[in-house]
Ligand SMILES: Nc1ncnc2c1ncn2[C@@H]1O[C@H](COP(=O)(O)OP(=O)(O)O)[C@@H](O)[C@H]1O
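A lone chain, given as structure tokens: the form predicted on its own.
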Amino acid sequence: MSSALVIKNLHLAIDNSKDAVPILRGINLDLRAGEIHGLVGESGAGKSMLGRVILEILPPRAKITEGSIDYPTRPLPGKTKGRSAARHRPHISLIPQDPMTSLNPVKKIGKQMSEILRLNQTGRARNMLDQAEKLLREVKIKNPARVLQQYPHQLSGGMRQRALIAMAFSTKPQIIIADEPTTALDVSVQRQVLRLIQDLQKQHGTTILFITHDLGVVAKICNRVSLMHSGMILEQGNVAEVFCTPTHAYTRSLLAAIPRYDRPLRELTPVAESLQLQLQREARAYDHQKRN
């Protein structure tokens, strides 16, 4: 299977007033074309920062100190009249985490969708709205013509997230970064949104990097998974293999901490603090070795 994205030995640091603080340490990641790849880790592990590296939207003081990112199947860029090539990336898109803060509150949904469509093609405003209506219909929004004339605050959280999913797929990207897209939704809506993403991914053959805390979501929709801690990928492989025969102690600890309906009386075992400290020490030792 061909690769849509290959990251090799990626190191990223953020400059502060005294020193460069390592954030990502030796990341190796191969996103295969047409797969959903789960990226799992606790808060601060570096998941979202890795997504920002791929999207090229790093904070001002962040810099890649080593490594490479390659898009083997990326189409040759065409002429982007009046636009920066760095900001015109139809081959990659984002489904953000919070549907309320990710939409412009003072612009109607139709206006926002038309602006995205206009970035990648030319045409009349009426044609853009027709395309936007078709996209909303694809994400199972009822009465899409009415929704196009509404503001974000007039929609439910699930409808806002569906609109963002439609925007992400509107440019027919090769890669989509889904950054915890169901975190702000209730459980019943989460299931619908996950099924929608999965259906659209199969329909379009899109490669998705699905960033999440939820191993249950990974088991449901992902083909492969990578587990992160302290800016390092500790284990990766096929979902079934990682879940059934995990090789890293951190992976085993995460799986042991998940409640299971088929074992209601089993006592949950939280991730040991000693293991957390050990992983942090390993990260510091890695940084020291790189500096010397």
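In this text, residue numbers run from 1 along the sequence as written. The structure presented is a predicted model; accordingly, all values stated were derived computationally and were not measured.
FYI, the form predicted together with the named molecule isn't displayed, but the following is about it.
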item	value
Touches the named molecule in the predicted bound form: residue 225 (any heavy atom, 4.5 Å)	no
Residue 46: touches the named molecule in the predicted bound form, heavy atom cutoff 4.5 angstroms	yes
Residue contact check: residue 23 to the named molecule in the predicted bound form, 4.5 Å heavy atom	yes
Residue contact check: residue 42 to the named molecule in the predicted bound form, 4.5 Å heavy atom	yes
Interface stretch in the predicted bound form with the named molecule - options 255-263, 239-247, 46-54, 30-38, non-hydrogen atom within 4.5 Å	46-54
